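Quick setup: one chain, the form predicted on its own, written in structure tokens, and binding and motion questions come after.
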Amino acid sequence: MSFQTEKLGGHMAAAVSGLDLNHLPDAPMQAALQDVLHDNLVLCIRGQALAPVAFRDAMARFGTPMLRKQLERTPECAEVNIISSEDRDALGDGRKIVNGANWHTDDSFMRAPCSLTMLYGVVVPSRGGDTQFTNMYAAYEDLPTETRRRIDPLKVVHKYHSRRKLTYVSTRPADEMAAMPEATHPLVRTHPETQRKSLYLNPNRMEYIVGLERAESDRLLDELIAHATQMKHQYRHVWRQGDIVIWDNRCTMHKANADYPEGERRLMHRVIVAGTEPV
């Protein structure tokens, strides 16, 4: 088994083709895929046709799949979440929810956030519905030296329901909320595998910077978010049916776009794999 690699963005993202993940890659092939991901932060595997269990099993080669109750799960496989154009706040007021509509990194409200997210395009609209990514290595490296020196030791409190949240998030039962206490993470984290530093931001979950007055904390977070989401740091993925897009939450942010034609459906399956506490 072999694959072909194509660069998608000038500074991040690559696509591979020639694989059928119904047949699991052997160890050397899996190591090669991991290298493409580490080098490009976002990895697209083209042309897949996977049932939920097969999707879970293929993604398990990248890490340990995790259960997340905040999203609907497929009946065949509890580790596979469903993200759909039909999502609603079923436990709240029933309003429509666009999951990930603003910049974020997955799971930052957890003390040990997931490392990777895998999204599989089961049904994609005829146009729109792109996913944008931003390179948090590049965002950090592009900061002035004095700014990097200032923010390197800072820590940020993250919460599922942050006062700063930009996206409406689904209502969760009390027992789930109790299992998601606030988490404190570094503002600048070191990737455990590449050893590179990146900004670690989540505009939808960050509450405040530890040790700063709220106004100063908000001002600095807003400045860093604006800096990190400049177009020069971004890649925009245009989905094809059967794409699996894998991204590294430890060095990227992403956002979904619900700009597809009215009446068209967008259906994604999602797997996340375990990570460690950020340092």
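Everything numeric here is computed off the predicted structure, so don't read it as measured data. Residue numbers run from 1 along the displayed sequence.
One more form of this protein, predicted together with succinic acid, exists but is not displayed; see below.
- This chain lacks the partner; the member of Leu119, Val80, Val188, Val156 within 4.5 angstroms of succinic acid in the model of the complex by a non-hydrogen atom is Leu119.
- Put simply, of Thr147, Asn99, Ser162, Ser85 only one has a heavy atom within 4.5 Å of succinic acid in the model of the complex, and it is Asn99.
- Within this chain, His269 is remote from the site of succinic acid in the model of the complex, having no heavy atom within 4.5 Å.
- When contacts are judged by a 4.5 Å heavy atom cut-off, Ala256 counts as touching succinic acid in the model of the complex.
- Using a 4.5 angstroms threshold between heavy atoms, Asn204 stays clear of succinic acid in the model of the complex.
- Although the partner is absent here, Trp247 sits close enough that one of its heavy atoms falls within 4.5 Å of succinic acid in the model of the complex.
- Of the candidate stretches 190-198, 135-143, 99-107, 148-156, only 99-107 has residues with heavy atoms within 4.5 Å of succinic acid in the model of the complex.
- Taking a 4.5 Å heavy atom cutoff to succinic acid in the model of the complex, none of the residues in 146-165 make contact.
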